[in-house]
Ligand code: F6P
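Listed next as structure tokens is one chain, alone, in the form predicted on its own.
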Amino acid sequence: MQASTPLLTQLPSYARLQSLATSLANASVEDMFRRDRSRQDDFVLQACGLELDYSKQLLNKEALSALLQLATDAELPRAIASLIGGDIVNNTEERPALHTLLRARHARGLEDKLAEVQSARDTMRHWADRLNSGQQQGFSSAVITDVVNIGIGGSDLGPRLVSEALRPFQGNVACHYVANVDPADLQNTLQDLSPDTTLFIICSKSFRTEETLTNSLVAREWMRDAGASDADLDKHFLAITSNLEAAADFGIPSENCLPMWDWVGGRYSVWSAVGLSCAIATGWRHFEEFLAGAEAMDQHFASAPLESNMPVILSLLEIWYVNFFNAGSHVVLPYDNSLQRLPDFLQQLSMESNGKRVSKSGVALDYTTGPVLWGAAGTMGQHSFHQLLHQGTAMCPADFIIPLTTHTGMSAQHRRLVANGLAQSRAMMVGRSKAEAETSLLQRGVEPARADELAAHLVMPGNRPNSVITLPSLTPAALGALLALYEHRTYCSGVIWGINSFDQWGVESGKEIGGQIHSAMSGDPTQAAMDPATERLIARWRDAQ
């Protein structure tokens, strides 16, 4: 039987944090800087090539100390050791979560599984090298030039992000991604490709994921219509799966299959064979650097004291605002267009992991877990949702992610980008007073009476908490460290909330109901009656056919 999980509100330091949050609710971060001349240095951490500046958070040293005590009360050091050591941390499915093993070079006590990982890496390297060297030919003897990854969720978001973020390191093969069961997604991707030079990677553990299998069947027909025989399919299809039999029935032999393991969740799988498209897109050497960056963050996470542990600090900030300031969302703002997919990736990582309503022992929670995570690449957001960040009524903590150099060679334009990111971070902190607003209006030539009338509309309260994560440049290693940083932050928050971050039963329920509705739409008379609203919508769909 699962031991009772301590709840956040039962931890000894919880009440003290409530009191501290109340005392800081109307504090000024600018005043904190004036009173503490070392704040800009004391609230900064460096690890694995990344720097976290959290000095603009609504936080003083007393509150930080109390948050660190909260982590100790929640036995976070023990939980970190359990994750890294391969203990069962996914209690509902009785599995470890071994995504750190996927980028490890050494694994004390897990040598058997590491051998499996290394074997898969060897196969990945074989295919990455083969494709980038032009050795793989299609049914017409033309060299494969394009790879299409067909997956969804973790089999799409991570690989898509990495391939796009590391485009400056791209090899000789272009990689494309299809996830949506909407036929337009696959159709739009294939319209610019040629069947005889295209290879598909099908990512599905069961080889039965509805969206992935549907798109894969269409891709196979596309090949057949172009003249490929069933005997030619092995030249154009690879699979990342646990179901070798289903892959073989599809036309993919076992030697074209790479493994998916139960001890790695989909949202943590980009480091595994699921990342094959990334290894192809960037070349194997760069993919190894990506793994090494993540491994470096793993080592930091496993060994750094709580007060200097970057994932732990990010997690404590999340707990601070969600549970003591009632912040319902968190925004991630990468100031690099190559990272525009990062918020999409982090949405799944955070919300699928920690969107839970009961503790690990099944007790209903009376506090919030898993804030809504969202965002977009700067500077586009400045002209849309930043208005809410600056003047909206709800607190929304922000992470600014800023590479300090650019691969484009356009340093002057990049300087403007970085200036915009730093300006938004500062503006969220300092805000704008009524007097400053009125002065600004007068300087624009507005009449004094009108300036007094309008000033309230220009006021920004400030004290909007934000962190700035900088990296020297967006390299494979830096990206690996960044993604591992957020993985570990997510786990730490789950531990402190007392929840299981590694199951996703809500996702499974939606899949089951989706299958039932699809069967009903297909005329299956054995399907049980739906609710009246769903039945009406099914009827509406039938009328439209």
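So that there is no doubt, residue numbering starts at 1 and follows the sequence shown. Treat the numbers as computed from the prediction; the structure is a model and nothing was measured.
Missing here is the form predicted together with the ligand; even so, the following discussion is about that form.
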Heavy atoms, 4.5 Å, the ligand in the model of the complex: which of 505-513, 30-38, 58-66, 483-491 makes the cut? Say which one.
-> 505-513
Among the candidate residues Ser216, Ser350, Ser155, Asn466, which is the single one with a non-hydrogen atom no more than 4.5 Å from the ligand in the model of the complex?
-> Ser155
His99, Lys205, His386, His330 - the one with a heavy atom within 4.5 Å of the ligand in the model of the complex | Lys205
Please run the contact check for Gly266 against the ligand in the model of the complex: heavy atoms, 4.5 angstroms, yes or no?
-> yes
Does at least one non-hydrogen atom of Thr209 fall within 4.5 angstroms of the ligand in the model of the complex?
-> yes
